[in-house]
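First, one chain by itself in structure tokens, the form predicted on its own.
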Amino acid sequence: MSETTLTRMDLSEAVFREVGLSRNESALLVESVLQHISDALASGETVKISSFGTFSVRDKSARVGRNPKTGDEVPISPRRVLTFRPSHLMKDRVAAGSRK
């Protein structure tokens, strides 16, 4: 596996090269898209990006966990968690890329 990470700057640079917007406009576009996705998830909406996957928020109820070192029971409070389910196309693309 590679040790590289795709960053916001990398995304805005790709928009700059491929779309032809200025660097500032590209950065603003990427920020705007990410902000829209974040806002939708924070309000409990599902975000589905065709051929990529679906982001959703799930409510987890309170439960009792266990400290693996000591074995002590620890209460885990209810919380909301972000989940991602990749599309079949994304799964296939990732699987094909790992065989290189």
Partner chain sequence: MIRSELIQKIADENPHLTQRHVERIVNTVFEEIIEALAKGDRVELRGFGAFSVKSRDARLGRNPRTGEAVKVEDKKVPFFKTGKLLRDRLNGKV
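Worth saying up front: this structure is predicted, and the values here are computed from it rather than measured. Positions refer to the first chain, counted from 1.
The next section is about a form of this same protein that is not shown, the form predicted in complex with the partner chain.
Visitor: Is Ile76 near the partner chain? Define near as a heavy atom within 4.5 Å, in the model of the complex.
Guide: It does not: once the partner chain is placed as it appears in the model of the complex, Ile76 has no heavy atom within 4.5 Å of it.
Visitor: Is Ser51 close enough to the partner chain in the model of the complex to count, meaning some heavy atom within 4.5 Å?
Guide: Yes - in the model of the complex, heavy atoms of Ser51 and the partner chain come within 4.5 Å of each other.
Visitor: For Leu34, is any heavy atom within 4.5 Å of the partner chain in the model of the complex, or not?
Guide: Residue-level check for Leu34: yes, a contact with the partner chain.
Visitor: State yes or no: in the model of the complex, is some non-hydrogen atom of Ala42 no more than 4.5 angstroms from a non-hydrogen atom of the partner chain?
Guide: Yes, Ala42 sits close enough to the partner chain in the model of the complex that at least one of its heavy atoms falls within 4.5 Å.
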